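Here's a solo chain for you in structure tokens, the form predicted alone.
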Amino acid sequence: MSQRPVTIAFDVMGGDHGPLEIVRGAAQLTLDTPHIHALLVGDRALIDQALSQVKHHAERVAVHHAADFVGMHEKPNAALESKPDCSVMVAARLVREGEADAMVSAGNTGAGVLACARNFSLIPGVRRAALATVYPTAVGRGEKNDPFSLILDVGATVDASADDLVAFAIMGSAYARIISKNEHPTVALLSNGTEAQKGPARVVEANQKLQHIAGLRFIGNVEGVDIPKGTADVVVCDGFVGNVCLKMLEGVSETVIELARYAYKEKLLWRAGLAMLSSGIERIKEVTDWEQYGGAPILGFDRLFIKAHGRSKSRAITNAGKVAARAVSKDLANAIQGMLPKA
């Protein structure tokens, strides 16, 4: 049975690699997946120039002109106030108006979240949105033996209440089930101890509430050490804690790479050891390649926004579009709403 068409709006002007890589990724999507259409939002002249350089399915590509864009280092609120017709704002508006089903941007994260907040509605029962991201773990999960787990929030809601944490848990569980094809994802709260009474009052309260959510596989609290171990498929925290954890994980990865480079230069024996490990290192790079996951979803709104990494090239953009389309096809918003506690 053929799938219904899904249109993804791409903010072509966002990201470090300019319109060409975003257009190339969206164009590849139209060749790979017959039911997905790409709506390219940005400077029409630059988009047309980029399209002329890449293969694409012309009937599945449309262009919507937006004269302005938000730079990566601009202050989001001020930028959207001064540029109401910037590409990320226009893309969100087109989704709101039904011209597209979801949006993808590799641009300014804050501007993307604000554009969603000004154009989309929160799912009934959700008070705050959450930014979720994947991270590599020591174990696989789901039907594809996926080596990534999900952590949320990592920056959208810095000060989350107990009810917000409950909503984040439900949203993360629904997303993992739909996107990672993990039918029964385990969900945990991040705290300073595994006991139910450990942590700030909001975490303790959230723990109590999550134990009674039907259909949620809640396993209690986990500690920071459990994140890379993959103890839980979905780890829930407020945006302040999540952002600190995310930056720490990124820093550890960079440090390990630098130490390996130092070892390679300093000792012949270490060089030999690294050479023997090279195939294993390449395998690790393959299974922990963030580009295959496209980007980080903003969860909680009635429409989906996938925030691709600022360094994203075409492959990551293509996959961000596929993730967004799958979430639309599987009706992620309704899946979330159906699990929320009834008022």
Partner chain sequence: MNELEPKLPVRRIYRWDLDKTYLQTDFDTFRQLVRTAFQKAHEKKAIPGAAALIRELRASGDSRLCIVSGSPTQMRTVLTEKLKLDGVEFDELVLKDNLRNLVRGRFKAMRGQVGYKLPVLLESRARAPVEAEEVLFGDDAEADAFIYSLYADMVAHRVSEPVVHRVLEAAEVYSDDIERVIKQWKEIPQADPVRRIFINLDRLTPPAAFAHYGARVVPIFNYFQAALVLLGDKHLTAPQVLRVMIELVQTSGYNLLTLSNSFQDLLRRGLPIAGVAEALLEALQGPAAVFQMVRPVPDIIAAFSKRVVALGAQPPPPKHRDIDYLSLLDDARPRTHKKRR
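Treat the numbers as computed from the prediction; the structure is a model and nothing was measured. Residue numbers count along the first chain shown, from 1.
Omitted from view is the form predicted in complex with its partner chain, to which the following refers.
Heavy atoms of every residue among Lys55, Val61 and Glu99 are located within 4.5 Å of its partner chain in the predicted complex. Contact check for Asp68: no non-hydrogen atom falls within 4.5 Å of its partner chain in the predicted complex.
Not displayed here, its partner chain is kept clear of Arg311 by more than 4.5 Å at the level of heavy atoms in the predicted complex. Taking the partner from the other structure, its partner chain in the predicted complex has no heavy atom within 4.5 Å of any heavy atom of Arg315. Heavy atoms of Leu46 never reach within 4.5 Å of its partner chain in the predicted complex, leaving it off the interface. With contact defined as any non-hydrogen atom lying within 4.5 angstroms of its partner chain in the predicted complex, the stretch 181-207 contains no contacting residue.
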